[in-house]
Ligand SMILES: Cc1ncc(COP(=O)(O)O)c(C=O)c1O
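One chain comes next, on its own, written out as structure tokens in the form predicted alone.
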Amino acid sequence: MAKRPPNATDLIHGDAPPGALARTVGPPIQKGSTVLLPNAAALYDDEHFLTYGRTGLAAQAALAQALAGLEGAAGVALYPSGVAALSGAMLALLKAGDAVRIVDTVYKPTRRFCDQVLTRYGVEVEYYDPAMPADHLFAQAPANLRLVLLESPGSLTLEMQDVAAIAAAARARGVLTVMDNTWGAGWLFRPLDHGVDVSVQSLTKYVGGHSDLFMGSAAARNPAVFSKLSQGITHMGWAVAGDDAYQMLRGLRTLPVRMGRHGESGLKIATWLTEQSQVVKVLHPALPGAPGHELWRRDYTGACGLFSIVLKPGNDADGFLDALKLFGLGFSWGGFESLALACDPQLKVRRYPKAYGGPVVRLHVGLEDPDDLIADLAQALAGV
């Protein structure tokens, strides 16, 4: 008897159930918006079963578990970008009528979110000088202060904060602390070990490491705080793709090796720049004598490749940047390539502006040979 031709049902249901997966060094990448459950009772058993692939499958779970180990956290929430991690953490922990204090050197997109979104939803936003001691920060704190946002070193100008002192003072007053720890990447500095409630990273930077992925994370040691982060992701509908999680996990495995090279090359180049007549100062906390060096030496196990320089007054920062051959001109950082950009246009929005003594240029030292990068900087400085 002739077998009938396959129909649509055969094409949809004709595959055999998969057996045990072969074990590989990386997790399987599962693609699926629907999760098939074992029985009817499981359909609404949110405590024990995943009901949607959006909440993360094998690769996402493996990445979150690895990051929790890196950060010393009870759990890690994953977001589609670094700024989503910062904004998502604040949305999960704040409500209308709360007040938040934010370090004035914070990442520009974070400032934009606080000024243009949080304020619209009734959250009071105030910026503070990164040099402000912890006791002064809380001396006149409003009764509705709910959260303090730190970033150390600060974006663009690398100011260091006494993270442990601020976290301790906040905890004594029942105030939560969130820290942008992208510079330390969880490898050079672990905020949760110093009393911070939530450690946020733009995984796009050093964990990804290849300038081709977007993702962010928020790690918490307190299960109740982590629960709020997780609920926030569910409420907002954020999702991270399995392919991206796999790529990010692959980057995480080489993070220590890459960070070591970034830090070593960056410090070599920063030291060379201190000797150049066209440079007024180098803003790098790992340099002896630099602002914040004592805090860096006390708290950090190393440095990354990101720092800034101040050119002599009157020097043309744009001309210097245009003369560079190996340093690309672009935002973001943490990838294998070296980058540079002018900082002054972004510094104008700060509430506590400082005189740095000339044009500020931020450099990210990549994985190129440091002697080649020094030669490139030398020829560009000669032109200014």
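Source: prediction; values computed, not measured. Residue numbers here begin at 1 and follow the sequence given.
The following text describes the form predicted together with this ligand, which does not appear among the structures shown.
- A heavy atom within 4.5 Å of this ligand in the predicted bound form is found for one listed residue only; from L91, A303, V83, L137, this is V83.
- Site residues T157, S308 and Y356 are none of them in contact with this ligand in the predicted bound form, judged by any heavy atom within 4.5 Å.
- Of the heavy atoms in W272, none are within 4.5 Å of this ligand in the predicted bound form.
- Among heavy atoms of W296, none comes within 4.5 Å of this ligand in the predicted bound form.
- This ligand is not shown here, and in the predicted bound form it never comes within 4.5 Å of any heavy atom of E71.
- Taking non-hydrogen atoms only, L283 never approaches this ligand to within 4.5 angstroms in the predicted bound form.
- Checking 157 to 165, 273 to 281, 115 to 123, 176 to 184 against this ligand in the predicted bound form, the stretch whose residues place heavy atoms within 4.5 Å of it is 176 to 184.
- Residues F214, M215 are the ones in 207 to 222 with at least one heavy atom within 4.5 Å of this ligand in the predicted bound form, listed in sequence order.
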